[in-house]
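Just the one chain here, the form predicted alone, laid out as structure tokens.
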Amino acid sequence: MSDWLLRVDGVTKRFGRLIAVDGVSLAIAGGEVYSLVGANGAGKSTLIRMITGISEPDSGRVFISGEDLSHRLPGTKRHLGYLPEELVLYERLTGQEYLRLVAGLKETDVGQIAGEIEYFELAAVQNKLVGEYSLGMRKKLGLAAAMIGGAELLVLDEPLNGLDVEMMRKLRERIERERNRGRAFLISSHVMSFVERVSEQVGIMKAGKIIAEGSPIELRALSGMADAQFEDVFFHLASGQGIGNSG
């Protein structure tokens, strides 16, 4: 489909004898949120690193806005905004200076910075060194950096870690608003209530494979647990129960 902003075709990544990602394929269209869920070690972060170009697959291909990431064409990553789970920030820059650096690297208007600082409630600390930030402040700064620019695809790896309940709500509202504007999201999160609320598609990973995929409603039907907490649906499917009866 021409409207896919991300297409992953059969990617595999090995580390010695360990197959961290095993022939995974997925696609995300504009205006869609796709969430990856799975236990630690399931392969989510390794897959995300390949999607963002940090590491290369041993086999398979990744396309962002129709461009093959392996070709390393200038500008391909401009289609992408990324929040890594483990943020590495420039400790000796202030928050505002860091966002100006990001805007410069993305070749985008610095005028967006003030709005992101306000939205993510960083005004009081924007002139403090990033090295003095708490975990929550650092996460909000990383989210602001990911949002800056016109990237069509936003990849958010564990975006809720360190956020308070009110900021989680604001982030959900922001994701919904950006999705309605046509941006696509790939999100990895352990917070199943959040995943169910924001996602059009959910992929459950286990041992490097996507073992179940569908909308939250479809995954509930697959599990036979229509009225359970989505966390229980996840554990049921991740254990392999119900999947063999999906046809």
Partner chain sequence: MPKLSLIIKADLLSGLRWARRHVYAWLILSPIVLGMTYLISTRVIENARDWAVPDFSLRPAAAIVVLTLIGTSLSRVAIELFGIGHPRSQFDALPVAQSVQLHAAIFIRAGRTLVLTMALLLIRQRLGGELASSIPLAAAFVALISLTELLAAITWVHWRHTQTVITAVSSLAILTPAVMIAGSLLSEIIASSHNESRLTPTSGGILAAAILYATLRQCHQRWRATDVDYAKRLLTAVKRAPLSSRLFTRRLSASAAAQLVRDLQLTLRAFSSAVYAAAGTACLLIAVEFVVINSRFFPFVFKMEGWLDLTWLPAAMAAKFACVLASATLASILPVLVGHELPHLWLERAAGTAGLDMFEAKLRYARLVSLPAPVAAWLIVLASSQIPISYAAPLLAECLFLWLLVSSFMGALAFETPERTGLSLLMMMLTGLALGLLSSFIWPIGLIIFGVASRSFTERGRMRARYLLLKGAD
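Residue numbers count along the first chain shown, from 1. As the structure is a computational prediction, the values presented were derived from the model and not from experiment.
Another form, the form predicted in complex with the partner chain, is not on view; read the next lines as being about it.
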Does every residue of 52, 78 and 107 put a non-hydrogen atom within 4.5 angstroms of the partner chain in the predicted bound form? yes
In the predicted bound form, does residue 86 have a heavy atom within 4.5 Å of the partner chain? yes
Residue 13: touches the partner chain in the predicted bound form, heavy atom cutoff 4.5 angstroms: yes
Partner proximity in the predicted bound form: residue 169 to the partner chain, non-hydrogen atom cutoff 4.5 Å: no
Would residue 177 count as a contact of the partner chain in the predicted bound form, using a 4.5 angstroms cut-off between non-hydrogen atoms? no
Considering the partner chain in the predicted bound form, find the one stretch among 55-63, 24-32, 196-204, 218-226 with heavy atoms no farther than 4.5 Å from it. 55-63
Could you check which residue among 152, 97, 158, 121 gets a heavy atom within 4.5 Å of the partner chain in the predicted bound form? 97
Heavy atom within 4.5 Å of the partner chain in the predicted bound form: which of 114, 101, 135, 165? 101
